[in-house]
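Just one chain follows, in the form predicted on its own, and it is written as structure tokens.
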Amino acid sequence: MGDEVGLEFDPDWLGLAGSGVLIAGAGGIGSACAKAFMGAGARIALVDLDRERLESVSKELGPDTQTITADLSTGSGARHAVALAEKALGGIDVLVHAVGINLRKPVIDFTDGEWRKIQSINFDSAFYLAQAAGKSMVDRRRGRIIMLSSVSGLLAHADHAPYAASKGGINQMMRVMAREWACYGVTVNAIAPGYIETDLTQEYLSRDDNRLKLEKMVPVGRLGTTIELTGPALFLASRHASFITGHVLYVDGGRTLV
């Protein structure tokens, strides 16, 4: 027999150790991603408008977490957050946009203010933040941008019009960004969760047998968890995804199959 070749495990096989990661949104998905990236050796800056929520998540993550309070639905707020994160991290290698709200009601019942609020928080913040971080990444000739979309950006869920529009907009916007920035070594992708248990869905799932109704629409027969989104996020941010850009990755238990 010939000499055996041993395979040594690289603890930084993702290539994220020491990376500067800006995560927008300190809710369930954002905080889960923050923990996952920190576990991969990345340095974290977390931005949210809710200072109390930021402080709560920061206590879980530890004192090395940088927290930024900012209104990302405005261009000035997003640019300010990116500038602070760049200073704290020494540059942003990865941006994860996990900001979003939803309001379930029929199309004809939405007010002008409700439509505008959902678009500004979900869609405008994604554009402004990615634009600001993307400019820096283009200048540095490297970077990863990951946006949280939804199966609602593809499927025609009733009572979801503004939310679905914002997520569909994110899908196409990130494709254009991916096209424009690919030659600079910057990838832009989206993760589209199915039905995930988060603070955003908790109240809805707790009434009118909604949990059971949703579970019946998912081929795997259950709802997803925030932790199940962290693996895809880490992969798309890693060195192994350098040839993937402009892609919507559905993490939905098969929901989009039916």
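Please read all numbers here as calculations on a predicted model, not as lab measurements. Numbering starts at 1 and runs along the sequence shown.
This protein has a second form, the form predicted in complex with a small molecule, left out of what is shown; the following refers to that one.
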item	value
Contact flag, D71 vs the small molecule in the predicted bound form, heavy atom cut 4.5 Å	yes
A132 within 4.5 Å of the small molecule in the predicted bound form, heavy atoms	no
Touches the small molecule in the predicted bound form: T198 (any heavy atom, 4.5 Å)	yes
Residue contact check: L49 to the small molecule in the predicted bound form, 4.5 Å heavy atom	yes
Which of 138-146, 179-187, 107-115, 91-99 sits within 4.5 Å of the small molecule in the predicted bound form, heavy atom basis	91-99
G25, G28 and Y163 all contacting the small molecule in the predicted bound form, non-hydrogen atom within 4.5 Å	yes
